[in-house]
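Heads up, the chain below is alone and in the form predicted alone; it's given as structure tokens.
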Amino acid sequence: MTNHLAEKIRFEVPSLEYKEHTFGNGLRLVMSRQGNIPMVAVNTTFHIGSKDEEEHMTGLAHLFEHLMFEGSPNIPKGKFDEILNQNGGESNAYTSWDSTSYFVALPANHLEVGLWLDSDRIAGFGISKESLEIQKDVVLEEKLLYVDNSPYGTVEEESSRRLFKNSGYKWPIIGNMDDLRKVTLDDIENFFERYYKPNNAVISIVGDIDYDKTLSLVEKYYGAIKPGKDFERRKFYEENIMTEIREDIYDNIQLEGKFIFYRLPEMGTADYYAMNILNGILSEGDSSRFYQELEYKNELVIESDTNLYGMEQTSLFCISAIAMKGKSIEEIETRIDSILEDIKNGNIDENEITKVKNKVETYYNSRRQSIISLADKFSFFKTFYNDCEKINFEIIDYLQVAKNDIIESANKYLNKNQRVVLNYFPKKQHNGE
């Protein structure tokens, strides 16, 4: 903490204030007064993501993202957003491998309305069979639109089942559609009773608030909700990938694509932060390695990217490249491997690292301007680290990354025998047309 404090002083960003409270039913509350504008954001995060589902009953976490707007014990179907909009508010939600988060944002003087709406969703099970069938159809359409009929839309599904063999990370967040079709109202209620309980949730409230009044309102609307039964989370277990896994996939696409995946340690580790900086060196901006070598100098791809997905029990480093028509994806892979080997051999300029760190600082500051982003971040840190102070110090974990950290991490994880490679080809090539 001493080193972090010294870096924090150098970074000269004022700490965000916050207060925490845990209720008798296990609900954890984080409040942060940010009074620039008379608005407030409420983020409710449940520690349940797709990886926590049972095999052959996948997709329930994502399905609940839809169902939680469909009605609750005291709020009829379709009225949640209507009431919220009448009070100047908005709402949204997202599902990840590890959690499901909901937020409402509205004028500060209507906070009580937002808390009433949000709390009623976990006060009791209020989902009807009709709502369930409607939202199952919505998810099926979503799968058709964004996966089945989208170029390279199956990449998540195809890569996950090759990267993971034992854990819940082996199926996509949206789930298996055969599983979804079979889901009953009893299945949904059992899932709700297990995971959508105050002792499995964090609520973060950020904006123009009074701490004592806000605490009293949360006690009023959430305090009497009964906790759920304790449950044991599935332990993560995966064998290391020891031999490169390659697959050719023929899809409804026009241009060939190359997708390469490496497994990394879980988010929050030193290697995770080092790989984040490397991610920026490789693909952020026109001066990045991939843009310069694959697009600008050699005109091999129409687009290329790297992404690091931080997860609770592992992480993924992903490389993607869409070939220009007539260009060889074998040559693209050779160039990619050459770039990675150059990094692993220590050929990194300090200016490259500085540029990425400057972008991290800019992003960090911009996120602090949004009460919705701050509420989401507070819930995230409380859920996964039980440490809200990371909102003030995590930036230092990025800024402290040194050149040697990047080189060591790259050599540990970015090796050919540790990866999955997917080659995407147009179907007509497969059909010999």
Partner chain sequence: MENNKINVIEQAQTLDRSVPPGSGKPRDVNFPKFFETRSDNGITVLVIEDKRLPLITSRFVFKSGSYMDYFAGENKYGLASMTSELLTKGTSGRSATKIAEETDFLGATISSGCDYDATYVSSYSLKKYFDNIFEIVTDVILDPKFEEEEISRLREQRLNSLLSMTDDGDYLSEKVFKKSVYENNPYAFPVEGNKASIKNLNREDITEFYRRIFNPENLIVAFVGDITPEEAMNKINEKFSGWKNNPELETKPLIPAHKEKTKVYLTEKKGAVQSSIKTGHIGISRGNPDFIPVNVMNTMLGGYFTSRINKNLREVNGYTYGARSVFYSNKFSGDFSVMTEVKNNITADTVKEILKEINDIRNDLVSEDELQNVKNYISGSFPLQLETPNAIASKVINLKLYDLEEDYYNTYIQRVNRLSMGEIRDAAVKYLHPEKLVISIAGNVKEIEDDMKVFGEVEIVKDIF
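Positions refer to the first chain, counted from 1. Everything numeric here is computed off the predicted structure, so don't read it as measured data.
Unshown form predicted in complex with the partner chain; subsequent notes refer to it.
For the candidate spot formed by G24, Y146 and T354, every residue has a non-hydrogen atom within 4.5 angstroms of the partner chain in the model of the complex. Among residues of the shown chain, P172 is not one whose heavy atoms approach the partner chain to within 4.5 Å in the model of the complex.
Interface residue remark: D286 is counted as part of the site for the partner chain in the model of the complex, having a heavy atom within 4.5 Å.
In the model of the complex, the partner chain sits beyond 4.5 Å of every heavy atom of I319. Heavy atoms of K129 never reach within 4.5 Å of the partner chain in the model of the complex, leaving it off the interface. Of the candidate stretches 184 to 192, 356 to 364, 154 to 162, 305 to 313, only 356 to 364 has residues whose heavy atoms lie within 4.5 Å of the partner chain in the model of the complex.
When the partner chain is considered in the model of the complex, only one residue from S338, S328, Q292, T269 comes within 4.5 Å through any heavy atom, namely Q292. The contact residue chosen from K258, K197, R263, H110 relative to the partner chain in the model of the complex is H110, the criterion being a non-hydrogen atom within 4.5 angstroms.
Taking a 4.5 Å heavy atom cutoff to the partner chain in the model of the complex, the contacting residues in 62 to 90 are H66, E70, N74, K77, D81, E82, N85, Q86, N87, G88, G89, E90.
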